[in-house]
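Only one chain is included here, represented as structure tokens and corresponding to the form predicted alone.
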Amino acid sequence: MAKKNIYVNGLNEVPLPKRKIEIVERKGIGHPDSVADALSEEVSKALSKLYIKEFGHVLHHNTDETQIAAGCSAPKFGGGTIIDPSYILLVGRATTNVHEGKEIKSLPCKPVALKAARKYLQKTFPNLDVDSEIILDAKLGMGSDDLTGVYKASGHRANDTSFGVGYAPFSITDTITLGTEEFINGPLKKKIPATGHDVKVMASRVGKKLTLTVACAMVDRYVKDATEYKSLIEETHDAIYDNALKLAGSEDIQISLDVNTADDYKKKVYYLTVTGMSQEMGDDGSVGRGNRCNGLITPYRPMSMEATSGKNPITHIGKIYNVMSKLIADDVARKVTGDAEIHVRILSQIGKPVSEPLNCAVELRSLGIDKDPKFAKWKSEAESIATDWLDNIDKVTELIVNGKVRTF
């Protein structure tokens, strides 16, 4: 069996949930950076399924450079208009031609990409007229031979010398931050249709006091005037607050909430939009500028700077190792010990098998854990979990292609 270079350590350290300060952010699905992430990932999944259907396995592609150039709008109570559509460019590399003997088979990569992106936008953003309020374009070039070559070797080989990171379990701050955005862009839509999909949640925990700051675009057609706007913001505030309390459960934490703090009613400043998305009015978007693959932005936790969305799920370390690090951390936290903070970092070498990292470091962080008599057992179990995931790279690919794991 190939060596996995797994190193499990115990760190005598206070886990983050027990420390004084914590900051967690979530950019909602309608934020332009999240839209760029989502479209990149939808295109990657669609191409992967095309390749599997035609050849039985995923071919080289990377579609992680989607860009959104903001448009211009004129929102107003009762319903405004889009003046200039936002422009979305699907950018990346794909295997567009395949040699089959003496024949060359051309694949419909661009149509597949455009169809996947359009389908996602139509399904996810009901207040957006995809036909008239955006311009959707695709530029997918053929991948270079040096990178496509990593697919041809025996076993899939890393496309880069890079790393992935993950942690577990979620703190209550993590849980409330993610759950708040999912609530606003989920159940709350039925109760308050005026809430748009461009949502940002910032959580600041100081001791046992958690302050949530929420920005939520409001859709102008559902708001008749300023009085109703104020009423809807109050209703939105109360609904979000009640949901946060439910998410907190029996946790000993005090929650305060502010919604749309940039509003200035005296100056008639309101977060009003035509589509519920700020890309309509000056907010651009790019892949990788938002949430990490656990759905959060966590400056107090390990994070990779690489985008996860849009990268191919076979050889691209920026995707495979980020997703796998989280899966390993989740399993260790769930199966080994839930009292420690688990950090996982996996490093590759370009051209080497993805299943054989240069090192895979698993850290169990808790006060006195390195002296705990159970640590030897925990260390062995954590190493076994990491080995199992590395031995089953194809399982990670399958989860990604079938949309079973989060990438943003």
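So that there is no doubt, residue numbering starts at 1 and follows the sequence shown. Whichever C-alpha set is largest while still superposing within 1.5 Å between the two forms counts as the rigid core. Quick caveat: nothing in here was measured; it's all calculated off a predicted structure.
This next part talks about the form predicted in complex with another copy of the chain, which is not shown.
Does the trio 46, 341 and 406 actually contact another copy of the chain in the model of the complex, every residue with a heavy atom within 4.5 Å?
The answer is no; none of 46, 341 and 406 reaches another copy of the chain.
Using a 4.5 Å heavy atom cut-off, indicate which stretch of 172-180, 231-239, 325-333, 126-134 touches another copy of the chain in the model of the complex.
The contacting stretch here is 126-134.
Which of 139, 224, 209, 268 has a heavy atom within 4.5 Å of another copy of the chain in the model of the complex?
Among 139, 224, 209, 268, a heavy atom within 4.5 Å of another copy of the chain in the model of the complex occurs only for 139.
Heavy atom within 4.5 Å of another copy of the chain in the model of the complex: which of 259, 192, 253, 303 fits that? Just give me the one.
It is 303 that has a heavy atom within 4.5 Å of the partner.
Does another copy of the chain come within 4.5 Å of any heavy atom of residue 96 in the model of the complex?
Yes, residue 96 lies within 4.5 Å of another copy of the chain in the model of the complex.
Should residue 157 be counted as a contact of another copy of the chain in the model of the complex, where contact means heavy atoms within 4.5 Å?
Residue 157: no contact with another copy of the chain in the model of the complex.
Whether residue 38 contacts another copy of the chain in the model of the complex should be assessed with a 4.5 Å heavy atom distance threshold; does it?
No, residue 38 is distant from the partner.
Examine residue 23 and determine whether its closest non-hydrogen atom to another copy of the chain in the model of the complex is within 4.5 angstroms.
Looking in the model of the complex, residue contacts with another copy of the chain include residue 23, since a heavy atom lies within 4.5 Å.
In the model of the complex, which residues of 72-107 put a heavy atom within 4.5 Å of another copy of the chain?
Heavy-atom contacts to another copy of the chain in the model of the complex: 74, 81, 82, 83, 84, 85, 87, 89, 91, 92, 93, 96, 106, 107.
With both forms fitted on the core, give yes or no for whether the Cα of residue 49 moves by 2 angstroms or more between this form and the one not shown.
The answer is no; the displacement is under 2 Å.
With both forms fit on the core, has residue 370 moved 2 Å or more by CA between this form and the one not shown?
True for residue 370: a C-alpha shift of 2 Å or more.
Once everything's superposed on the core, is residue 69 shifted 2 Å or more at the Cα between this form and the one not shown?
Comparing the forms between this form and the one not shown, which are aligned on their rigid core, residue 69 does not shift its C-alpha by 2 Å or more.
A 3 angstroms or greater change in CA distance between residue 370 and residue 391 is reported in the model of the complex. Closer or farther than in this form?
Result: farther.
How does the CA gap of residue 350 and residue 96 change in the model of the complex versus this form, closer or farther, if it moves 3 angstroms or more?
The answer is farther, because the C-alphas of residue 350 and residue 96 separate from each other in the model of the complex by 3 Å or more.
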